[in-house]
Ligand SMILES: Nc1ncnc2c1ncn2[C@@H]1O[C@H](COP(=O)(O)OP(=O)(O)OP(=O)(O)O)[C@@H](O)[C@H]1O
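Only one chain is included here, represented as structure tokens and corresponding to the form predicted alone.
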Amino acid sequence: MRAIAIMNNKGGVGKTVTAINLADILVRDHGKRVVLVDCDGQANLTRFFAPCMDADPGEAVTTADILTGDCEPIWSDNLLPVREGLALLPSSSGLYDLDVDAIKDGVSAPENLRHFAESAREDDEADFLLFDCPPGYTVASVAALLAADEVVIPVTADAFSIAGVMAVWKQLRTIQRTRPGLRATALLTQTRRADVVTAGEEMLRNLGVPVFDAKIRRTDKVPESTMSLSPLAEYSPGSAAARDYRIWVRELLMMGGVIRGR
């Protein structure tokens, strides 16, 4: 099983869109078993795959419950099925409460998310565990970094976004002292034919950050797909971004030595 955190300290770079389409393509095209973990209190990933939770969260277990230990001991019992091969650990505003408690009382349990990932790995019931992280170092995002094997850093070609990449990169260097195998790669999103995009990629590489060869082109089909609550492969399979995400997922799989099958 591969555990991947999707993170950048800068918002608006396509983290959640990347998590949505990575999960969908892994299941749709490659027959993988995927678990999505929403680590963001905004819960956009949860609203996309489980819009019913907005109206009535019911008894659903959330990422906050995992972090506090207020959940079932069997990891898979806490998941919300989305469709065949895809399940979700939803988010809630409870993650904001955890951040406040951590600041006020110094109370947090980021290791609980790592234990959740370790249990999934031991049971061999998932091929990918994907953490959709918020910008900044919240209790949940730090927990995701500690639980992940690798980090994908979506980035747009602007100075603020690249600064966000470098902030994550610096934090990962600290985590690598105890997790030497943890690796990170930047993914350029919302690209277009422009000198600034070329310059941004060159800047990242000069700063020592590995960058995927694949790039995700900018298209209105991306925000449209979020409005329709449909992954790009379903909403607009021929769009530039849909094609680019498929190419990128193949590159990601090749980095792990796997193209098809389990």
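Because the structure is a prediction, the values reported are computed rather than measured. Start at 1 with the first residue shown and count on from there.
Keep in mind that the form predicted together with the named molecule is not shown, yet the notes after this line are about it.
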Looking at the partner-bound form in the predicted bound form, is Val222 within 4.5 Å of the named molecule by any heavy atom? yes
Would you please decide whether Arg47 lies within 4.5 angstroms of the named molecule in the predicted bound form, comparing each non-hydrogen atom pair? no
Wondering, does Gly94 line up within 4.5 Å of the named molecule in the predicted bound form on heavy atoms? no
Distance check, Gly238 to the named molecule in the predicted bound form, heavy atom within 4.5 Å: no
Tell me the stretch among 62-70, 204-212, 37-45, 22-30 that has any heavy atom within 4.5 angstroms of the named molecule in the predicted bound form. 37-45
For 207-221: residues with a non-hydrogen atom within 4.5 angstroms of the named molecule in the predicted bound form? Ile216, Arg217, Arg218, Thr219
